[in-house]
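Below you will find one chain, with nothing else, as C-alpha cells; this is the form predicted alone, and questions on how it binds or moves follow later.
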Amino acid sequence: MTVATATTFDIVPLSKHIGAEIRGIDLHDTPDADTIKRLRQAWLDHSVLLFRGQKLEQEDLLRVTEYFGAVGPLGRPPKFFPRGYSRLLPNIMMISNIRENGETIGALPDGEMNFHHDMIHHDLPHNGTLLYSLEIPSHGGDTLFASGYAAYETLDPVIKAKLEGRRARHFYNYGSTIRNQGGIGATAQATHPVFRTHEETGRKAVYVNRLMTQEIEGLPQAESDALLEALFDHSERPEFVYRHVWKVGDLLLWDNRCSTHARDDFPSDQRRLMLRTTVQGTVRPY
C-alpha cells in the first residue's frame, strides 16, 4: 500500500439529482489529506459516490470509511450474528444470501428491500454507509438511491406546510426487507423530524421512508397514513432515483441524512456477497 499519494480524479454525475462516479483513484492506496478533503466534498455534493474496479482488503475498507468520519458500530444485536461474521474484522457487516450447512452466513440474505435510511430507528442514526461487492448474481440485486433533497424541493407546498416542524416515529424488525413483513425482533425505535436539515450542507431533505416509518406524531392514524403514503410515492419518483447495476469490485458510499436506498429482487440460487461499513452519526437530527 502506497502512503499519502496526491491523486487527480474525475467526478462524473450518475443522474440528474443524485450520485457521481469517482474515476481515476485506487482506494487500495492511501490518498493525501487534500484528496480526502475533495472526496468528502464530492460526497456532500452528490450524496452517493461510486468507485469502480476496486480491490480492497477488509483493512482497506475500514480505512476508506474513516475518510468520511468515525467507523460506526454494526447496529445489530450479537445474538443475530451468523457464523460468517467470525471471518470479518470488527464493525464490518456481511450482506449475503450464501448458505453453508443450510444456514445463511450474512445478513439481509434474499429478495427485494423497500426504500429506507440506515439506522433511522436509532436516536443517533449513521451519517453514511459503504457497500463493497465481492460476488454478484447474473442479474437483479440492483441498489436504487433516491434523493431526499429533490423530494423536499419539489414537494406539494400544501403537504410541505402541513408537515413542516412535525416528527415521525420509525421502527424496525431486524431482518425485515418489506414494510411490516418478516423480521425476527425489534432492535430499536426513534422519532425524528419529517424534514431533516443536513448539518453540513444546510439543505433540507425528506426524512421518512417506506420500510421503517410508522406514523407522524400528533396526527390521527388515517391522516398520518395518507400523508406518509403520499411522501413515499413522491420520494420514490423515478426522476429522483439512480439505479446501480453492480459489478464485482464496486464500492458505493451514500449519505443517509439526505438519501434513501432500496434493493430489487435477484435469483435466490445465485450467490451475492457484499461487505458493509458505516460512518458514525455526529448530530442527532432534532
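A residue's number is simply how far along the shown sequence it sits, counting from 1. Predicted model only: the values in this text are computed from it and were never measured.
What comes next is about the form predicted together with a small molecule, which does not appear here.
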- Message: Let me test this: is every residue among H17, H234 and V241 within 4.5 Å of the small molecule in the predicted complex, going by heavy atom positions?
- Response: no
- Item | Per-stretch contact check against the small molecule in the predicted complex, the hit in 62 to 70, 256 to 264, 215 to 223, 22 to 30 (non-hydrogen atom, 4.5 angstroms) | 256 to 264
- Query: Might H116 be said to contact the small molecule in the predicted complex, defining contact as any heavy atom within 4.5 Å?
  - Reply: yes
- Answer with yes or no whether A150 is in contact with the small molecule in the predicted complex, where contact means some heavy atom within 4.5 Å. no
- Examine N97 and determine whether its closest non-hydrogen atom to the small molecule in the predicted complex is within 4.5 angstroms. no
- Task: Could you confirm whether T143 comes within 4.5 Å of the small molecule in the predicted complex, counting heavy atoms only?
- Result: yes
- Task: Let me know the one among L163, A190, A205, L131 whose heavy atoms come within 4.5 Å of the small molecule in the predicted complex, would you?
- Result: L131
- Note on the structure: The listed residue (L108, I92, I136, V194) that reaches within 4.5 Å of the small molecule in the predicted complex by any heavy atom is L108
